[in-house]
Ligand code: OGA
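Before any questions on how it binds or moves, here is one chain, the form predicted alone, in structure tokens.
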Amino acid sequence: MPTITPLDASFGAVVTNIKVADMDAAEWRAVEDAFHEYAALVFPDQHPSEEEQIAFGERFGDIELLRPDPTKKAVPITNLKEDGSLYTKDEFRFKTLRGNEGWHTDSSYMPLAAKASILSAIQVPSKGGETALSDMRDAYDKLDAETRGKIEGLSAYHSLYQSQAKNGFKFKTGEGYGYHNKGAPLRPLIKTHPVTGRKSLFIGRHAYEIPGMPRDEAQALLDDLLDFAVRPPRVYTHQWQPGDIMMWDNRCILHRACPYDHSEIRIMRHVRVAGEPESELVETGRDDLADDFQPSASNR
């Protein structure tokens, strides 16, 4: 049976004495239970093949098809092009990588938000390039009564257009994964987990506008919530080693990529598990186009 060791944080655990590509039924049940309890799991020294990583993800649910190749169930998260050169700062893919350095939850800007993200390390830079996670369950639990009462019943629109535009990265409608023109989903600021029943904040860089509230006031509230939410002890930063797998529950965990020297190569492989429609599907809300948003002063 796997050994499950809690992290030094309000969430998360390291899982050893197991190979995710070769789990029996009892081992799988232990991993699934740990995923629901700890919300993030680290599996050192796995070195999965692409097929093995996909198969592991499929134990949790349907795989979300990701761009740049929407026919694939696993995609590289890397600054390295297929021709062996590195992306430059003016290229679309580089801008996407830099955008990922902001705290977010995957696919909240799509009609069907993600359930889980599974990331494996293939090649890592000499320093930097970590992945940080933050526990939105503990963040909700630690809110003061006044703030909790203020946000009860509030929802925010989520858009990848606006989160990239605030960093100075603008794209044409439909350019790249998630840059859609079907409308920005409206999601509650407080989310109840469909399995555990625990409440958590559902925020991050993709959340930007609250109905009935001026945009600047809404953004200030969302910024304050995020600043509070990503403080110790509810943050864990993973120092990657080649062969590591880390997965997290997008329904209650925020994550971000940490900066690194982009003259060095970083190659990760990403498999994303789609959420169950019963809890993660919402009708799209207001239309949002990149021209609606301006870069933040600090990012110009």
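The shown structure was predicted, so the numbers you read here are calculated from the model rather than taken from an experiment. Start at 1 with the first residue shown and count on from there.
Although not depicted, the form predicted together with N-oxalylglycine is the subject of the following passage.
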Checklist outcome for this item: Testing 249 to 257, 57 to 65, 29 to 37, 44 to 52 against N-oxalylglycine in the model of the complex with a 4.5 Å heavy atom criterion leaves exactly one stretch, namely 249 to 257
Checklist entry - Does N-oxalylglycine come within 4.5 Å of any heavy atom of His270 in the model of the complex? => result yes
Checklist entry - Would Arg187 sit within 4.5 Å of N-oxalylglycine in the model of the complex, counting heavy atoms only? => result no
Next on the checklist: My question is simply whether Thr131 lines the interface with N-oxalylglycine in the model of the complex - judged by any non-hydrogen atom within 4.5 Å.
Outcome noted: yes
Checklist entry - Can any non-hydrogen atom of Arg266 be found within 4.5 angstroms of N-oxalylglycine in the model of the complex? => result yes
Checklist entry - Ok, Ala218, Ala121, Ala114, Ile77: which has a heavy atom sitting within 4.5 Å of N-oxalylglycine in the model of the complex? => result Ile77
Checklist entry - Across 91 to 125, which residues bring a heavy atom to within 4.5 Å of N-oxalylglycine in the model of the complex? => result Asn100, His104, Asp106, Leu119
